[in-house]
Ligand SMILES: C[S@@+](CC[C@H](N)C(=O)[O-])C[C@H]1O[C@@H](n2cnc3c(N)ncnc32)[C@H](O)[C@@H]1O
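Starting off, we have a lone chain in the form predicted on its own, written out as C-alpha cells.
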Amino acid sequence: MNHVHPNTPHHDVQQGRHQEHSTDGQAEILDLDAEVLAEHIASIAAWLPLNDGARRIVDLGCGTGAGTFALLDRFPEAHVTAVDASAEHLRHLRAKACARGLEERIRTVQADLDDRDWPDFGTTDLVWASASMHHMAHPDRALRNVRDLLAPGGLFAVVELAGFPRFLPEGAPEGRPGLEARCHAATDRLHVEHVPHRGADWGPMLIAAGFTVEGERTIAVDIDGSHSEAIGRYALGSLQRIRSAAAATLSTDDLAALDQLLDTASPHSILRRDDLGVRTERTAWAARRA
C-alpha cells in the first residue's frame, strides 16, 4: 500500500507517484511506511476476493514496492509488473527484489500514468493501485485504461488515503498543543487545490467506468509507537515534508515549535519522544471487470 506524503505543493512521495521530479529522501519514507504498516498492507492483500489466485499483477504507482512485495507474498505463483514514474524508486525496488531473491517475479516499467496511451503491460488478473489514483489528472481515462488491462473477471484494487498519519498525542507538543492538526489543516487546503481527487469515493467512478464493486473496506490504523523504533524516523520524515508544504501558512510560533520537533539535536526532537503513535485510515475498493 504505497502511501503518499505532502511535499510541495502537493504530496508526491509514496507508495505511489505518477509524476517524475525530485525523489530526494522519498525512498526512505516509502520504506518506513512499508515497514510500519506491513501488517495493514498484508491484511488488505489478504482481503482481496481472488479465491483462484492471481498470476499476472500490475502495481500502478508502485513506489519502492510496499504493495508489490505484499502481493507476491499473498499470491505465491504471481509475477508483478511494477509501474512508477520515478526511475529512482524502480531501481530501489529492483535492489530489494534481488536481495529477497524475487527478481525473476518482478518486471519494472517506468511510465507516466497521465499519458493517454500506456505501455503494454499485458493482460492481467489483478491491478493494484495504492495511493496513486488520486494523483491522476484524468481519472476517468485512467480507469478505462485499467479496465482494458484486465482479463475478463479480473480485479482492480484501489487503496486510498483517508488522511495522512498523525503521530503526536493531541496535547503535544508542550506549549503548542494541536500543532500537528494545524499542520494537516494547512496541507489539506493545498490538496483541495492541487489534488482534488484525494479523499474521493471511488465506488461511483468505478461503476461508471464499467466495473462492478464487490467490496469496500476501511481500515483504521492505530499503532503504539513503542512497538517499533522505525515510527520515530517515520514521523520525522513525514513532518519534514509537511513542513515544506505548510511553512508559508503556519504562524511563527507554530513554525518554531515544529522546527524544534524536527531538530534531531534538540532535547525536544520527535526522535526523543516516547508517546508517538501512528493513527490514520485507509479505504480499499475491490472492483471486478464486468
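Predicted, not measured: the structure shown is a model, and the values here were computed from it. Heads up: residue numbers just count along the shown sequence, starting at 1.
Keep in mind that the form predicted together with the named molecule is not shown, yet the notes after this line are about it.
Quiz prompt | Residue (of 186, 205, 136, 102) lying close to the named molecule in the predicted bound form, criterion heavy atoms within 4.5 Å | solution = The option sitting close enough to the partner is 136.
Quiz prompt | Residue (of 219, 200, 150, 111) lying close to the named molecule in the predicted bound form, criterion heavy atoms within 4.5 Å | solution = Checked against the cut-off, the match is 111.
Quiz prompt | Interface stretch in the predicted bound form with the named molecule - options 219 to 227, 59 to 67, 261 to 269, 43 to 51, non-hydrogen atom within 4.5 Å | solution = Result for this chain: 59 to 67.
Quiz item: Taking 4.5 angstroms as the cut-off for heavy atoms, does residue 131 touch the named molecule in the predicted bound form?
Solution: Judged by the heavy-atom cut-off of 4.5 Å, residue 131 is in contact with the named molecule in the predicted bound form.
Self-check item: Any non-hydrogen atom of residue 143 within 4.5 angstroms of the named molecule in the predicted bound form
Solution: The answer is no: residue 143 has no heavy atom within 4.5 Å of the named molecule.
Quiz item: Is the gap between residue 86 and the named molecule in the predicted bound form 4.5 Å or less for some heavy atom pair?
Solution: Within the cut-off, so yes.
Exercise. Verify the contact flag for residue 26: yes if a non-hydrogen atom of it lies within 4.5 Å of a non-hydrogen atom of the named molecule in the predicted bound form, no if not.
Key: Heavy-atom contact with the named molecule at 4.5 Å: present for residue 26.
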